[in-house]
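As a starting point, one isolated chain is supplied in structure tokens, in the form predicted alone.
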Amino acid sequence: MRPALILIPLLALPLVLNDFWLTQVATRSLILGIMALSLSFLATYLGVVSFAQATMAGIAGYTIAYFGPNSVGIGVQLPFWISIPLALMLAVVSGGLIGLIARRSRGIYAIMITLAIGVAFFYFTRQNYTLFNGWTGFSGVRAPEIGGLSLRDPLALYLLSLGTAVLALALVSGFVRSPLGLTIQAVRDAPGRVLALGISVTTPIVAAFAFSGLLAGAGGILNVWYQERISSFSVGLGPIIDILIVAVIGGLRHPAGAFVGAVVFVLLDTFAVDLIDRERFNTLIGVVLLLIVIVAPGGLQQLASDWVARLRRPEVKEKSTV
């Protein structure tokens, strides 16, 4: 019932928001939330903080740009019903490969390995002109049209992003309850016991990274349609850090918190120029992040859950006395 109560007002947003709010705030928050969800999933159920989520999203985005219509004229144009599964598949494969490389790492070592992979991919896209068109990247990337309706239309792109976000959360919820998902959580809690049972920890780790690649890839596809372009800047250190900040603000160990953090981040990013100088945005977001870490280490999602629990306590006491 609770998810339905949240979904109804989200479906009604197009009735009350203009195109600016619908596209620049709501749609962008959903897309950024999907990419942050891929990080929250790894942090929550595998206990690993990955800095390679922008890389997975970028691989899917570059695939769509390369095999779809663009103004650069590089690549081979394929139907969207082929290019989209191909982009998701490459994102899943890249996630699995990253997991294979980082399978023996935990804590700061996992962070450094995935960060190194993300930075290496950034420089590779910047210096390669055959596949990635170097510094310039791909511009004029057009979203497909289905039945005469362009998915770049503000309403269509918002509903597509909302549907993808709901599906992503449902996939996470179902995946973590599956035998493989439970094994991933067992690897997080007691890898030694998993090995003692004769189960390799490599497969669950690779599977977790591959699944996070699927989530990040979905966000990357939507992002390239939203931006109508992709370049090395889309997979650079800025986006890498932004995904982490969004996840931390919402609650790194609360998958749904990724979307809460995305809304806060996008609102600050969109209206920072009205509050302070645009160049001081990093200072502003740094202060917000510091306050979140100090006041609510579990993020805004955990803070909201604690408040709801406190409000319900008097009701529980009244029922118990009766």
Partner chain sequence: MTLFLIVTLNGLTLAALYFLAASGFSLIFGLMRTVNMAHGALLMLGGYVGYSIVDATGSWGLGVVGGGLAAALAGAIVQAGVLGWMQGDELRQTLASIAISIIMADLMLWHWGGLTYQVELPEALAGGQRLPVLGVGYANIRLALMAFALATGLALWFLIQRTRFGAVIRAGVDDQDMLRALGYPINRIFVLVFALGGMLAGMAGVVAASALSIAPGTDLQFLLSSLVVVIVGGMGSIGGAALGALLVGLAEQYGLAYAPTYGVVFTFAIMVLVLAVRPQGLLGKAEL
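Positions refer to the first chain, counted from 1. Only a predicted model underlies this, so the values are computations on that prediction, with no experimental measurement involved.
Missing here is the form predicted in complex with its partner chain; even so, the following discussion is about that form.
K.L.:
Given that its partner chain is left out here, which of 155, 78, 171, 101 has a heavy atom within 4.5 Å of it in the model of the complex?
P.N.:
After the contact test, the surviving option is 101.
K.L.:
Using a 4.5 Å heavy atom cut-off, which residue among 166, 74, 237, 159 comes into contact with its partner chain in the model of the complex?
P.N.:
That would be 237.
K.L.:
Among 11, 259 and 272, does every residue place a heavy atom within 4.5 Å of its partner chain in the model of the complex?
P.N.:
Checked in the model of the complex: no contact with its partner chain for any of the three.
K.L.:
Spell out, yes or no, whether the shortest heavy atom distance between residue 289 and its partner chain in the model of the complex is within 4.5 Å.
P.N.:
It does: once its partner chain is placed as it appears in the model of the complex, residue 289 has a heavy atom within 4.5 Å of it.
K.L.:
How about residue 105: is it within 4.5 Å of its partner chain in the model of the complex, going by heavy atoms?
P.N.:
Yes, residue 105 lies within 4.5 Å of its partner chain in the model of the complex.
K.L.:
Would residue 86 show up as a contact with its partner chain in the model of the complex if we use heavy atoms at 4.5 Å?
P.N.:
Close contact is absent here: in the model of the complex, residue 86 is far from its partner chain, nothing within 4.5 Å, heavy atoms only.
K.L.:
Is there a non-hydrogen atom of residue 49 within 4.5 angstroms of a non-hydrogen atom of its partner chain in the model of the complex?
P.N.:
Residue 49: yes, in contact with its partner chain in the model of the complex.
K.L.:
Want to guess which of 143 to 151, 215 to 223, 242 to 250, 78 to 86 is within 4.5 Å of its partner chain in the model of the complex, heavy atoms only?
P.N.:
Contact criterion met by 242 to 250 only.
K.L.:
In the model of the complex, which residues of 73 to 100 put a heavy atom within 4.5 Å of its partner chain?
P.N.:
Going through 73 to 100 in order - heavy atoms within 4.5 Å of its partner chain in the model of the complex - there are no hits.
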